[in-house]
Ligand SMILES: NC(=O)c1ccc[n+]([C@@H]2O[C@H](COP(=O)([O-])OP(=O)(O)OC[C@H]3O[C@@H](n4cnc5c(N)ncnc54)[C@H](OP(=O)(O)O)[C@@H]3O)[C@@H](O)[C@H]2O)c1
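Only one chain comes next, encoded as structure tokens, the form predicted alone.
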Amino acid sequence: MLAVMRNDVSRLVLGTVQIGAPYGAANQTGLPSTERAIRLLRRAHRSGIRAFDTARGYGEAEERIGAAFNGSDGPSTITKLDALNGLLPNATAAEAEAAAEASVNASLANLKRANLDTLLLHRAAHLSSHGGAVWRRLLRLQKAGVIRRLGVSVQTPDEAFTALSMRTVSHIQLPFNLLDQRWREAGVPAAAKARGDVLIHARSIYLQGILAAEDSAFWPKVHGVDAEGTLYMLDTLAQLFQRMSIADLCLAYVRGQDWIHGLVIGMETEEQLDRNLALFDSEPLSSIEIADLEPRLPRFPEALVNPALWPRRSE
């Protein structure tokens, strides 16, 4: 019997923050055990997922990927430089370079690799901070073969434009979902397509899981945002566009963006893996459907679409 190939699953990138640290507004299971994490990683790879996204700042994630694949026969791994929070603004260029190289060496050791497939800056500010010393050191490591692709994780359209203006950047990761129209309004899609040599990966497809959970209890309390009303609107749109759920609508919308090459989706359980793989069996929204959908969406405040601005939950 011929194996049934999942539709476009090669664009699915496994986000690993949840397998390295307790993360996500809708995460109810917490940090999985090492055994469960390794089983999830291996099963995701067997299911056709060919790229994993991780970072120095994701707790145990890098180590668990290294333990799962032992540096060989594994997925392409995208990791991020340490956030370098301990590096003072007035640190010397030599200190900045040393901090960057120490982060790279730690990732190599954790992942059990001789080189890194892709390394992203975790902070776009490090493109130019300390006189450009961090980026300059990474470029030298790339020239030496220690890093294959270099890029940056951005938070705002302005950071995306800065990254796109640099020819040494070949990979950009950004937060993007159905509610977040900042990127389209700023013209980022057109600028990204003009740079055909840059891979664009989108994260926060489900906005830290609150969209997929379909439960207003997980939503942050943001002035002017009616969580129940927004979920009702999204459910109505899902039915209108003949999608199985709000999660299906959210995923199909991002998959339909011709400027986005990969979708980073964080998972901490095999059940979540199964659900996301099943959603990839359906077709993405067409350009005609996207053009019909977008005018129906209200403009949401940055205080909602940027989780960094969410109020802290009371303990």
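In case it trips you up, residue 1 is the first one in the sequence shown, and so on. Everything numeric in this text was worked out from a predicted model, so none of it was measured.
Heads up, the form predicted in complex with the named molecule isn't pictured, but that's what we're talking about next.
- With the partner omitted here, the residue from 81, 138, 205, 111 that has a non-hydrogen atom within 4.5 angstroms of the named molecule in the predicted complex is 205.
- When you look in the predicted complex, the only residue of 266, 32, 284, 59 with a non-hydrogen atom within 4.5 Å of the named molecule is 266.
- From the list 68 to 76, 180 to 188, 95 to 103, 209 to 217, the contact stretch for the named molecule in the predicted complex under a 4.5 Å heavy atom rule is 209 to 217.
- Although the partner is absent here, residue 17 is a contact residue: one of its heavy atoms lies within 4.5 angstroms of the named molecule in the predicted complex.
- Taking the partner from elsewhere, residue 272 is found to have a heavy atom lying within 4.5 Å of the named molecule in the predicted complex.
- In the predicted complex, no heavy atom of residue 257 sits within 4.5 Å of the named molecule.
- Using a 4.5 angstroms threshold between heavy atoms, residue 122 counts as touching the named molecule in the predicted complex.
- Contacts with the named molecule in the predicted complex, taken as any heavy atom within 4.5 Å, map within 170 to 190 to 173 alone.
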